[in-house]
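Just the one chain here, the form predicted on its own, laid out as structure tokens.
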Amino acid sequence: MNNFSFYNPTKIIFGKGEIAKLDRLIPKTAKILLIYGSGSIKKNGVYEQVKSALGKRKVTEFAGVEPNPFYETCLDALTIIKQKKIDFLLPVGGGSVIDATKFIAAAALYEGKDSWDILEKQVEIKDAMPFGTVLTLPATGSEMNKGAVITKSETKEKLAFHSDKCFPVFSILDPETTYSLPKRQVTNGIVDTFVHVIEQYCTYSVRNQLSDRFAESILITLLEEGSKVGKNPTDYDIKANLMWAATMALNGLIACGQPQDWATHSIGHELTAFYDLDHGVTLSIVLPGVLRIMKKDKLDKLAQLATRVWGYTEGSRAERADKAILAIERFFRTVGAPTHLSDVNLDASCIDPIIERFEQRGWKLGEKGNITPNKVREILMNRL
């Protein structure tokens, strides 16, 4: 097992009706910026619950955060923060709204000249504005972690940053807020959660039994509940299990002592930046390619995955590894996710811009740093 440091200060308030506890969680004197996306929270009753819980506090609203939040949109929020002297942020929505809020929280107190440096140059964040969250779309785990991903629409760059200053103070998770989600968003959330686990699990063995078992339990939960949710979109227990799985998949716990990959996410981010694909869609397409092309490096963990999660006990490690990859693809298709570039009307011509981007950055991906731009090309060619 590798050395690790685990820190997570976010308070989780989980369950039906818990949005009402906002009144206890935010100071009465707070000047709040309420941040949300396209306005679906005004159709499903969440907005009314939030406003009621906030009572007479001073609230300014900022709507229109994109599904892949734009840097430029975040800058607009910063202007409002200065004008209204905001001192607390409250995102209500999914991971994109929360990610945007994390960047806004950091940029609001950033003393440098260009806040894009937070992403491009990974400058140290010395302080950030406090924020809590109300989660309505389980997927990214952003409600209980310190990371965010932001897109600069001008240059089609999608970059991530992480900072201990950007953990939410609290997050409210009410599964009932997810009842009205479109099937596409539910599918994306399941895929995103699944791939988060695989990125931290499917690398090479360091005999970290507890973290492995934690990860496997999340995957099994996703397989069981994900296959049922399509026919039962308002089943509280199904939605509760999916919501908690998404949070636990990326709050740092299953990463403890583990080598990590994240090549699938890095490649997926470029597909989103260039071709405006849903994040979850890029992951379900790219992951099988990463596992196939890098199978030798991941052989032990793929075989373990096949046995512990799907119960495949017969055959060599290589044969069980192949079965695991096929099972992952089958699961993605079962929940309605694409698994090939052709499924989203892309062909080989989409690959060169992505390869050029990785060559320019000099990035080598994967848990061993051996996924070169040429390997990225192999991975994407595998997904045509």
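Numbers follow the displayed sequence, beginning with 1. In this text, all values refer to a predicted model and were calculated from it rather than measured experimentally.
Beyond what is shown, the protein has a form predicted in complex with 5,6-dihydroxy-NADP; the following relates to that form.
Undergrad: Choose from 145 to 153, 253 to 261, 301 to 309, 225 to 233 the stretch whose residues reach within 4.5 Å of 5,6-dihydroxy-NADP in the predicted bound form, heavy atoms counted.
TA: Contact criterion met by 145 to 153 only.
Undergrad: Find the only residue in 118, 86, 129, 181 having a heavy atom within 4.5 Å of 5,6-dihydroxy-NADP in the predicted bound form.
TA: It is 181 that has a heavy atom within 4.5 Å of the partner.
Undergrad: Would you mind picking the one in 74, 202, 215, 137 that has a heavy atom within 4.5 Å of 5,6-dihydroxy-NADP in the predicted bound form?
TA: Answer to the contact question: 137.
Undergrad: If we define contact as a non-hydrogen atom of the residue within 4.5 angstroms of the partner, is residue 338 a contact of 5,6-dihydroxy-NADP in the predicted bound form?
TA: No.
Undergrad: Can you check whether residue 40 is within 4.5 Å of 5,6-dihydroxy-NADP in the predicted bound form, heavy atom basis?
TA: Contact check for residue 40: yes, within 4.5 Å of 5,6-dihydroxy-NADP in the predicted bound form.
Undergrad: Is there any non-hydrogen atom of residue 60 lying within 4.5 Å of 5,6-dihydroxy-NADP in the predicted bound form?
TA: Flag for residue 60 set to no.
Undergrad: Evaluate residue 44 for contact with 5,6-dihydroxy-NADP in the predicted bound form, applying a 4.5 angstroms cut-off between non-hydrogen atoms, and reply yes or no.
TA: Close contact exists here: in the predicted bound form, residue 44 approaches 5,6-dihydroxy-NADP to within 4.5 Å, heavy atoms only.
Undergrad: Can you tell me which bits of 65 to 98 touch 5,6-dihydroxy-NADP in the predicted bound form, meaning any heavy atom within 4.5 Å?
TA: The stretch 65 to 98, when checked against 5,6-dihydroxy-NADP in the predicted bound form, contributes 65, 67, 68, 69, 94, 95, 96, 97 at the 4.5 Å heavy-atom cut-off.
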